[in-house]
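Below you will find one chain, with nothing else, as structure tokens; this is the form predicted alone, and questions on how it binds or moves follow later.
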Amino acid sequence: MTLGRRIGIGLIGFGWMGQAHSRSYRNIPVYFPEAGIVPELVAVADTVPERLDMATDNFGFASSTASWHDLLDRSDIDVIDITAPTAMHREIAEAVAAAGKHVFCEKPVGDNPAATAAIEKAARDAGVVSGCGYNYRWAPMVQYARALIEGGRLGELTHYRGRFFSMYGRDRLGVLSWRFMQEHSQFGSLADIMSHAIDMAHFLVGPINRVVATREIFIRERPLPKPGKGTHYDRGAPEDPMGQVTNEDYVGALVEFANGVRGTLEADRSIFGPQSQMAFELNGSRGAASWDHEKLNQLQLYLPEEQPTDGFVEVLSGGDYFHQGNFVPGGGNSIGYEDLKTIEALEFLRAVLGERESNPSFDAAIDVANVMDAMVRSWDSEKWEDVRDLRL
């Protein structure tokens, strides 16, 4: 492996998320010069020629290839970042780990819980550092909420409500991307956005013991996409050929946590109203807090023993909170989604360099997969199901 603070990056899959990851690596020296980390965009793999041209011409990748296998044996690559479609994750991640490369993979890592378990084992057996894209953990106000919980200022937690309601699938003419097709991603909202809600619940409250869950498909057919063009936010036309949606739009569950907290988790990609509402509300014996990604620089906080008036108070994020001062100084100055991805990339590369434990890693990803597995079993049994550890 390359010594020093330079870290060679290989990236597989240069769609929207691959481009976001690439910008994040490039931004680390700009926003975090004190870290002394210099990510080098060595090589990118994608099957769409136009994307490869963009990667080298606009993003600064030194080289590009149509075959991700070409990245595995390169001595100048230390980390391989996987943002290819979810159905490809297992084959790629296992090969990356076997090649001795540190590996970052977008959530939910595997396209089903068993695949996530296999990927986690491959990285563990290879002794490589792994990272997973649960980026909402890195919001400064979420980090602050966790500190309040750990400091006991909310008291003993009793209730938790987590959700991810997203707009990207609410348009009946939104194209039938791989995200809507069981043969390409297996699950729909469960893997794509419920996984985020589960991870946030784990991050703030702790392990989940059992669940009872339900699902639904609200939009059953969509226009076929044009290969290699656009993102899953694109729109077709009424006269376009249509295809069947084969995985779930909605997932809802009652959950019981190991520490006795009771709660709910919901995810929907086709709901009207919320745009990107990755959110939680939690209650304890001494207070309560709520946060919504749509207003990611704000935390609603109720601490009756500390406040002069009764009721929720809005806390604005700013330069004094976790990493936010690296982007903007002062109170009330906002950061955005891709800033969270930059923080995510920074913390992962710090783990690669041995400065911190990697978290969320594939270990966190399998914790999420365990809950997803219980939800799927509950769909079939229509009963409460215990969360089982799928680690191999």
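This is a predicted model, so every value here is computed, not measured. Note that residue numbering begins at 1 and tracks the sequence as displayed.
Beyond what is shown, the protein has a form predicted in complex with a small molecule; the following relates to that form.
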Let me test this: is every residue among W16, A84 and Y337 within 4.5 Å of the small molecule in the model of the complex, going by heavy atom positions?
yes
Proximity of K341 to the small molecule in the model of the complex, heavy atoms at 4.5 Å
yes
With a 4.5 Å heavy atom cut-off, would you call N359 a contact of the small molecule in the model of the complex?
no
Would you please decide whether T47 lies within 4.5 angstroms of the small molecule in the model of the complex, comparing each non-hydrogen atom pair?
yes
If you check in the model of the complex, is F203 within 4.5 Å of the small molecule, heavy atoms only?
no
None of M375, A369, I9, I12 but one has a heavy atom within 4.5 Å of the small molecule in the model of the complex; the exception is I12
Going by heavy atom distances of 4.5 angstroms or less, which of R163, R215, H89, R170 would be at the interface with the small molecule in the model of the complex?
H89
The small molecule in the model of the complex: contacting segment from 261 to 269, 131 to 139, 206 to 214, 148 to 156, heavy atom within 4.5 Å:
131 to 139
